[in-house]
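Before any questions on how it binds or moves, here is one chain, the form predicted alone, in structure tokens.
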């Protein structure tokens, strides 16, 4: 069956396989157990309710019910515009459908499940009104600058590209835009997702989201362009300068050279020479490197030596042409700067995979990543469904969603989500609800003071 959208009135495809085939750490039987015992329904509900829990007179009791969810079931059956009144309704739907993937969309002006009732009203009542500012970074977009893997594959040598992307974007979101409540999540296979959850971020218009996304645009080329980054001008924008000094330069000259040896062969260094606009400099460096092709140095040492030669040559010629003044920085940015899928960030109605989903290709859980300790994150060490089931079967632990001890495989991730992200966020949301309510009451009193 091809991917199709089924209206909510249609029947969801149910899966019942008494003898599930274990493949790539993922199967339906394991997924049922995971959704039945370990998925953090209450935490997801609290997060997406943003303090609207019905306990305060200023709460919007219908807020969560206007949030869109989508389910992808077996054989790519796609259920969009799902919505749930409360956490119990969401839990029941997930347990009865056991989706291979759960995506989260916007909060709409009306219940997405009842959108058809407004379709013939003559007014555009069904429209997104809130949505987290989100970012999606996929390592497949780095295939032209990594030589260890390609496509969906990832390893310890290329994952640091994701780590430096987190550092650059997280720092800018906090320091340049003033956002505080930011959640980074492993996609389960080959990338990372970012959710900016501050109230001012959730209320950005599509135009404002586009402006934020374009702020991060540096990589503008395509596979047919030798030069994919053009940092025009005499000096870098303060954001780019900070990113270069604090993260990109040291990463390029350290981990990237160690892991990828990007100057070690003619095929690799020709790609870099193509970024230099001066043909005389290209020819000079090419001659040096071709003559040293049989050097006894290791690939890493050769790569580092050629980088130093390139820098020395460009620095001595930088007054020759304006285009050479930022050539070193452009090379570094080309290899290391975050390659964000900007279109994901620009529209409120774009869906993004929910945290704590399980990736059907790897069986790995989409766990949160601590941006302050992202160097320690290992995507290949993230627990898989089969490992979680083995832990349950071992019986040594009280395996349930409330177990956030470091002893369980998911415990550390759940504990981080609750203590470092959810609790501070909800405290801020409830303070905002209280402040808004007091303001509203004050205005009401003023109205009747006459």
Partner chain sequence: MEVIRSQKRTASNDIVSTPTLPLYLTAPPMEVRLEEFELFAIDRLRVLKGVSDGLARGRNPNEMDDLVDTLWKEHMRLPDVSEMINKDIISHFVLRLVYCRSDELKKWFLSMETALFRHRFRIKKIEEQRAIVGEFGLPYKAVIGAELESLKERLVLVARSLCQTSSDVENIYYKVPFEEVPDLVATRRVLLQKGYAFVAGSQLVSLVVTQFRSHLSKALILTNRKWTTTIREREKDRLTPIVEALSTSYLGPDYTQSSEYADISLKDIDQVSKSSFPLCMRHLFEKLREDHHLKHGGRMQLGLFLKGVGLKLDDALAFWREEFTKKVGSERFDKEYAYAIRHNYGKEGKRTDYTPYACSKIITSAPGAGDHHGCPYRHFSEDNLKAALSRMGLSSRGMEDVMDKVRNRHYQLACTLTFEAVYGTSCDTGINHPNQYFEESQKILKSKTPTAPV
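Numbering follows the first chain given and starts at 1. Keep in mind the model is a prediction, meaning the values are calculated, not measured.
There is another form of the same protein, the form predicted together with its partner chain; it is not shown, and what comes next is about it.
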| property | result |
| --- | --- |
| Output flag, 142, 164 and 184 jointly within 4.5 Å of its partner chain in the predicted bound form, heavy atom basis | no |
| Of 253, 175, 300, 76, the one that lies within 4.5 Å of its partner chain in the predicted bound form (heavy atoms) | 175 |
| Position in contact with its partner chain when the complex is considered in the predicted bound form, options 376, 280, 207, 343, heavy atoms within 4.5 Å | 207 |
| Close approach of residue 214 to its partner chain in the predicted bound form, 4.5 Å, heavy atom | yes |
| Close approach of residue 286 to its partner chain in the predicted bound form, 4.5 Å, heavy atom | no |
| Contact of residue 118 with its partner chain in the predicted bound form (heavy atom, 4.5 Å) | no |
| Any non-hydrogen atom of residue 96 within 4.5 angstroms of its partner chain in the predicted bound form | no |
| Location of its partner chain contact in the predicted bound form, chosen stretch of 344 to 352, 360 to 368, 186 to 194, 199 to 207 [non-hydrogen atom, 4.5 Å] | 199 to 207 |
